[in-house]
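What follows is one chain in structure tokens, specifically the form predicted alone.
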């Protein structure tokens, strides 16, 4: 007992030290990226952070609560539009709303980015609560179809609410508040929130509902309340991700928030591991970089044996095949439901070293 208690503080200290070193190294990388990366590379780098937020928000539903939802793009749209309307200046609103004037009660409202993004998240959470309260009584495929329908309904409402959202024209010239610092701080805070949530009693209740609803209810867990809370929190995080996305690319329109956006996020969650925070973070970075690196597949290619005139969408075909292969051969994804730890990394190297030593 004494030997065990003597080793544990050292392990904790070592792990904390390694975590601090890793965070410091990443901070240096972010500073270098912000200073020396060109506009395209910096945009891809920042998109990784936004997709981390979005992947974790969807994994909270699909992975940790067992709710198969496909309406994430709709909640992103709510957050993006609310934050944009709150941060735009009256002059900028007048420039955008040249066909139909904006409603008077929104014309002169301009607030800072931080409260605006929080209000945007709360607005998405409110919409998620209104949708989740009746829909979460459904299960499995019925829930997925219902949430997919609500996501499309939100997009159609945004398109037709021209005095509020400017309709199909969208909003352009948004302030570029989503800087490298802000998006990665948001990604770090959401990751920390997810870690603390999953270690709490409420996180364990979510996992219990995911594993067996009847057993969870027999243990005294209010299954419906857990589902609604998870859906609402996930909608809040999706709204924050949508607001960051809008203020990074400085333009939004309803065509951005289609089912394909939800599919991209779902792809990240499945490849990373449904029920793994570490897997979502790693997969968000890898998939985001690959999505940009493989853009040449959509363009005309001059290969040795044949030429292609350009096949738009071929990049997504490759990702779909990758998803199929992952589902067939590694259904649990990259990390499964496990989390990254320094001990696991050390175990991989030690195991590899032993194999090499045995071979020699």
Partner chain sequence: MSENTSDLMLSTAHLTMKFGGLTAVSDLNLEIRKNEIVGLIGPNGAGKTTAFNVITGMYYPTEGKVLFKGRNITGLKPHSITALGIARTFQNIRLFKEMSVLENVLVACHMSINTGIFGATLHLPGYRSRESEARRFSMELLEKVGLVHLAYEKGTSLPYGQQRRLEIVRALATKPKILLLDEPAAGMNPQESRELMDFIRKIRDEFDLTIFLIEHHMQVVMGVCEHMYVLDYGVTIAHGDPASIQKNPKVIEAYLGVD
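Model, not experiment: these values are computed from the prediction. Residue numbers count along the first chain shown, from 1.
As for the form predicted in complex with its partner chain, it is not shown, yet the points below apply to it.
Taking non-hydrogen atoms only, residue 205 approaches its partner chain to within 4.5 angstroms in the model of the complex.
Although the partner is absent from this view, residue 290 stays clear of its partner chain in the model of the complex, with no non-hydrogen atom inside 4.5 angstroms.
Under a 4.5 angstroms non-hydrogen atom cutoff, its partner chain in the model of the complex lacks residue 180 among its neighbouring residues. Interface residue remark: residue 217 is counted as part of the site for its partner chain in the model of the complex, having a heavy atom within 4.5 Å. The candidate site formed by 34, 110 and 172 is entirely out of contact with its partner chain in the model of the complex, as no residue has a non-hydrogen atom within 4.5 angstroms of it.
Residue 200 is the only one of 251, 89, 160, 200 with a heavy atom lying within 4.5 Å of its partner chain in the model of the complex. Contact with its partner chain in the model of the complex, defined as a heavy atom within 4.5 Å, holds for exactly one of 285, 144, 221, 164, namely 221. Annotated contact segment (heavy atom within 4.5 Å of its partner chain in the model of the complex): 190-198, selected among 152-160, 190-198, 97-105, 75-83. Of all the residues from 228-258, those having a non-hydrogen atom no more than 4.5 Å from its partner chain in the model of the complex are 229, 233.
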